[in-house]
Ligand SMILES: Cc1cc2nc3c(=O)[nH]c(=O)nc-3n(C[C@H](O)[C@H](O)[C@H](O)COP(=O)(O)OP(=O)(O)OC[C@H]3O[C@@H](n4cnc5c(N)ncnc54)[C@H](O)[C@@H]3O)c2cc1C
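First, one chain by itself in structure tokens, the form predicted on its own.
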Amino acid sequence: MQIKESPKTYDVCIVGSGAGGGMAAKTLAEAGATVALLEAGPMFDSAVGDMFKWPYQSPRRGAPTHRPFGEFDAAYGGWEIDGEPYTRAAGTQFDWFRSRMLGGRTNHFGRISLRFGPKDFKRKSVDGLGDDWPISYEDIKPYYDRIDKMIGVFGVNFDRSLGLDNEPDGFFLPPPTPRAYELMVKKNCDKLDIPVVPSRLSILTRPLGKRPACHYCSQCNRGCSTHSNFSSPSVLLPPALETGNVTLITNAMAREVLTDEEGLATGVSYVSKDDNMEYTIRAKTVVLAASACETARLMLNSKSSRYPNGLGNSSGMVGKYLMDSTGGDLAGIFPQMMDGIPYNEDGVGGMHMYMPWWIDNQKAKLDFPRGYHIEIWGGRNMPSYGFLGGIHNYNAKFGNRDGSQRPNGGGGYGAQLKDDYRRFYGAMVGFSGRGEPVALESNYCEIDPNVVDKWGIPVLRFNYEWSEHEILQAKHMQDTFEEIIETMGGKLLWNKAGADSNYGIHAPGRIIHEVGVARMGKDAKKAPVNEYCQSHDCKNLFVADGSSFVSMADKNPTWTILALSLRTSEYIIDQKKKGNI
């Protein structure tokens, strides 16, 4: 195959344009560096997305689509992509989500923007499991502070009396007004001593810079047409591109990081999806922000005589300690909300209130080591195609209006169906737990020696199993959700998951929070990168996504990826000025 080499040598080549790559591109370009930014997917700007379309504009009328979250969702990609396979070791399961588009997953994530707390950086010191990070909350706090102000996040600093000492303060925009069902949840959770507090989402409730405040259409997952919520293409990449220092190359599937005889990175080779030709970009520094597992894949595929086990992998730890958040769900239907009076429930495309982890595991003598937060969903959002789907599964729970019993499944059309819609719409509230797993070396990804993708690039093979820690945590989620629903006077919408299904815990990878495959550490024999996300083996190679995580807190990872990327990028600038790289 003919390889086309770029005649220009850039200061930095960044692989990936999501949260980590976008922040690195902005920071480095504004400092004057010339940047080649490679993205495996096409261009995307949410300003011309599907935010304002009506459900009836779906050409498939709600039938399954090529997108994993629906017709209008701003996610190009999914757990399965034609021509981009991955494999699993026998007896294990991991589902790998990839978002192939400018900005990656930042276009459709839930905008839940939580800082890791002080305990999250020293979990081994707290409960003896896993490892502590080589940095503390105090090291990263200044970067969280700057990101709050740069991007915008609504929320409040919590009252100290709540005891939420692992939920740090921040710089918040005013939160939106709680919805009726959220206030009902809070009223009843107060009886159970479970705190329900304003959520923290990176959606503007006040104008910030050139970006207007949210107009409360609640369709954030489609990508924001006014750029009021956070995504890399709407917030980070415009200022980066305005510097004139960034060369953006889309549809560029990175193959490997190139190195010289001294072991230094010299650039990146990639296959263009536009013409299937192979190209090389020369650069003085390489930053991998391709998403954690894609970054590990690149490092493991970058083999040479100097790096026979992959670039930056003398420790043998690249791919190891793979983590994803735990997840479980349960929902209830509430008689006091049936036949509800229509009212204004405007708001953002996500929860206005949530429940941070509220228990000290050790003091409460729980049988699992780490916590979870609870996301609340329900209410009277704009009906979409397929809304109240499965109504035949629960409309019999409350009988007919005259008090007589009715069979399951009745009223699937006509006047009875319309009456059921009016009766049950807005009467359901659901709860989703998102919890912390324990990092295990036995959970990992590696190169499958027998499978390549459509461009001939070796693919990943996953080895992952939940341990008893996560399964017992999922049981606690189910028990808690049931207790809340019953306290609220509701009935379960479906049966609570039991031991036969590991208490309903989602398969690893399904929460799309995978991190930790190139963890940071001060000991080069135990960790691929140092506390600045710099390779121990190759000093001009850095990672700027979730791959450097030592543990995965019960918080969504985006805010920490952004903070680490900002910190790493400024470290690169400093080291460059000192002539160290």
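The numbering used is simple: start at 1 and walk along the sequence shown. Nothing here was measured: the structure is a model prediction, and the numbers come from that model.
Not on display, but discussed next: the form predicted in complex with the ligand.
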{"item": "Region of this chain that lies against the ligand in the predicted bound form, out of 437 to 445, 286 to 294, 186 to 194, 331 to 339 [heavy atom, 4.5 Å]", "value": "286 to 294"}
{"item": "Option touching the ligand, based on a heavy atom within 4.5 Å in the predicted bound form, out of Val15, Val12, Ile572, Leu564", "value": "Val15"}
{"item": "Listed residue that, although the ligand is not shown, lies within 4.5 Å of it in the predicted bound form (heavy atoms), from Ile135, Leu248, Ile112, Leu258", "value": "Ile112"}
{"item": "Partner contact for Gly312 in the predicted bound form: the ligand, 4.5 angstroms, heavy atom", "value": "no"}
{"item": "Contact test in the predicted bound form: Met323 vs the ligand, heavy atoms, 4.5 Å", "value": "no"}
{"item": "4.5 Å heavy atom contact, Met253 to the ligand in the predicted bound form", "value": "yes"}
{"item": "Distance check, Gly70 to the ligand in the predicted bound form, heavy atom within 4.5 Å", "value": "no"}
{"item": "Heavy atom of each of Arg105, Leu298 and Ile512 within 4.5 Å of the ligand in the predicted bound form", "value": "yes"}
{"item": "Residues of 142 to 174 having any heavy atom within 4.5 Å of the ligand in the predicted bound form, listed in sequence order", "value": "none"}
